[in-house]
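Only one chain comes next, encoded as structure tokens, the form predicted alone.
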Amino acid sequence: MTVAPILVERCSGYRVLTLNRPDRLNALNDVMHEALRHAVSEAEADATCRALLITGAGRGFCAGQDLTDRLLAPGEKPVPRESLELYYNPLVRKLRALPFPVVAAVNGVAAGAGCNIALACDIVIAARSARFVQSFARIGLIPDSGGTWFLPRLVGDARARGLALLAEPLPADKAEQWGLIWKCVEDASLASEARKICEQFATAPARGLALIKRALSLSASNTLDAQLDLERDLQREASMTPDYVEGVRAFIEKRRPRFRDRR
């Protein structure tokens, strides 16, 4: 029986995607990439999906590229690979551009591209036993899938250089201390804590969250003046939504808001 490389769970207001090659620590191959791309696109097309949770099956989140696909026979010369252009880069761009929050629940090792796919998500929550490894230097490569962009912005230049050049595993608790991830939790609590975040997003003002993602993404390349103008424009857009009206009314009436606006 063929095992699905990506497991999809449809929950109320969000979806859970589980990388499902546990015997390979969920290392990515072309079949898995295609399945993941399809699953993310399906979630984006579902108007009732207001958040996405990505995690891994078994004892790892994702070990990056499956290197058994890259093993050369004796005497065989390496050839340029197109997997970054075909799979990894589009995935990272898609995760950042999705009109709803993406949560990564890192349940074990997140190495190589697997680490940077996690960092491409909006919220990263990790089990205490998890490890983040920029393992590229060990095999003569550079951090890809956004690694050289995410690391300096999240942890600063000195730590980014240490992680990239030394390829040392970073424990989840230290990743939290350094600001690489949002939160480190006990292993037994990871799934419930990650789902709790998605449940919060599922009842949150969808358009407002989408605009927050857009503003934060554009801030990396904007001047302060340009960002102030962008905030003005997006705030105008947000203030015209029914959810804003409901949020203000609920605040005044001291009750929980009932957001219904679709993204």
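The shown structure was predicted, so the numbers you read here are calculated from the model rather than taken from an experiment. The numbering used is simple: start at 1 and walk along the sequence shown.
Below, we turn to the form predicted together with a small molecule, even though it does not appear here.
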| item | value |
| --- | --- |
| Contact segment among 42 to 50, 194 to 202, 61 to 69, 221 to 229, judged by heavy atoms lying within 4.5 Å of the small molecule in the model of the complex | 61 to 69 |
| Proximity of residue 36 to the small molecule in the model of the complex, heavy atoms at 4.5 Å | no |
| Partner contact for residue 83 in the model of the complex: the small molecule, 4.5 angstroms, heavy atom | yes |
| Exercise: residue 88 in contact with the small molecule in the model of the complex, heavy atom 4.5 Å | yes |
| 4.5 Å heavy atom contact, residue 101 to the small molecule in the model of the complex | no |
| Candidate spot 27, 109 and 141, all three touching the small molecule in the model of the complex (heavy atom, 4.5 Å) | yes |
| One residue of 175, 190, 119, 113 in contact with the small molecule, assessed in the model of the complex (non-hydrogen atom, 4.5 angstroms) | 113 |
